[in-house]
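Only one chain comes next, encoded as structure tokens, the form predicted alone.
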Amino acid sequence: MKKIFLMLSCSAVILLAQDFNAPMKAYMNELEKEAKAQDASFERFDAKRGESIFTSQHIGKKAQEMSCTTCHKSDLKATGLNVNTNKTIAPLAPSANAQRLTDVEEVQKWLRRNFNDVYNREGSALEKGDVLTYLINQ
């Protein structure tokens, strides 16, 4: 009985898991190559590291403490609010917003801007890959 329950649970997780489209998979492959070139011990992107990057507090470019959740909120299925412009941000979770993480140019643009806003620098390939891995599973 336990084996059946475990198999059903694993099947449900697999069915609910999101995956990147082909252009985003190619971008993730580029990030993997770059991460491997920067660190030969790199094995794979990690959603837990991505969550930590996404939720950790830093002094941002406007000299205020913030994290990605400052604007995107902790519940990524909910609408966020840009604290600088007061513009509404559509849910970031692909499970709540099918358009998220589908356009490579948009993803690159927002990763660059948001890392600069929160971290006051561009994110590394490892950080970007980890954050995207975290987000695709939301």
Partner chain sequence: MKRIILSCLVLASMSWAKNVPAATDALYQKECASCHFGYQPALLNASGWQKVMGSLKDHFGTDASLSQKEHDAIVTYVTQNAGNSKLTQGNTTMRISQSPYFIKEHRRIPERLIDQPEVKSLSQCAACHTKAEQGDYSERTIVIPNYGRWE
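Residue numbers count along the first chain shown, from 1. Keep in mind the model is a prediction, meaning the values are calculated, not measured.
What follows is about the form predicted together with its partner chain, which we do not show.
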property	result
Site test, 30, 33 and 36 vs its partner chain in the model of the complex, non-hydrogen atom cutoff 4.5 Å	no
Contact assignment for its partner chain in the model of the complex, among 57, 84, 99, 74, heavy atom within 4.5 Å	84
Proximity of residue 106 to its partner chain in the model of the complex, heavy atoms at 4.5 Å	yes
Partner contact for residue 117 in the model of the complex: its partner chain, 4.5 angstroms, heavy atom	yes
Its partner chain contact in the model of the complex: residue 122, any heavy atom under 4.5 Å	yes
Its partner chain contact in the model of the complex: residue 49, any heavy atom under 4.5 Å	no
Which of 91-99, 76-84, 22-30, 41-49 sits within 4.5 Å of its partner chain in the model of the complex, heavy atom basis	76-84
Neighbours of its partner chain in the model of the complex among 40-65 [non-hydrogen atom within 4.5 angstroms]	61, 62
